[in-house]
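First, one chain by itself: the form predicted on its own, in structure tokens.
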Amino acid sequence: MHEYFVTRQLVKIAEDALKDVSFKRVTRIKVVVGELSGIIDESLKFYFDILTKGTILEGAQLKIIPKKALLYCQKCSEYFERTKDFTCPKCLSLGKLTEHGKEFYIESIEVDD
């Protein structure tokens, strides 16, 4: 259910960003969503379609760009993607969670002039 509030804020941010821009229509909004962000893509798209009705964003495509989580190995100082567990593929030590994969932001807004 928190996707509703997150999507509402996303729509507000996009509308505010377009306040002083001249355009015919918004065609696409690209949003980066990290796999550890807690955001469910399908829910985000669902609420986006509902919350953009009657706004300048109505009809725009919501393109979700997934970001993989990266772990950090303190033993060999390497970043790596998590596979089945937290084991570093290089040295087999346990990796630590990082901020990579927690992202959630608008990457771009595309419009037709």
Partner chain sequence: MEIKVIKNILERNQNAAYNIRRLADENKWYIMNVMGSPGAGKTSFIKCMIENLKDVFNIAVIEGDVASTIDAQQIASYGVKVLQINTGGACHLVADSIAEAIDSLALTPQTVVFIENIGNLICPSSFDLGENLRVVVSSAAEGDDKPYKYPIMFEKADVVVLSKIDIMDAIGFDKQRYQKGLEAIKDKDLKLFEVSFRTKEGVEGLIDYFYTLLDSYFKK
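Positions refer to the first chain, counted from 1. In this text, the rigid core denotes the largest set of C-alpha atoms whose superposition between the two forms falls within 1.5 Å. Just so we're clear, the structure is a prediction, and the values are computed from it rather than from any experiment.
There is another form of the same protein, the form predicted in complex with its partner chain; it is not shown, and what comes next is about it.
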property	result
Interface residue in the predicted bound form among 36, 70, 56, 64, criterion: non-hydrogen atom within 4.5 angstroms of its partner chain	36
Residue 96: touches its partner chain in the predicted bound form, heavy atom cutoff 4.5 angstroms	yes
Its partner chain contact in the predicted bound form: residue 60, any heavy atom under 4.5 Å	no
Any non-hydrogen atom of residue 91 within 4.5 angstroms of its partner chain in the predicted bound form	no
Contact label in the predicted bound form: residue 46 to its partner chain, heavy atom within 4.5 Å	no
Residues in 65-86 close to its partner chain in the predicted bound form, defined by a heavy atom within 4.5 Å, in order	82, 84, 85, 86
Rigid core superposed: residue 85 CA moves 2 Å or more between the shown form and the other one	yes
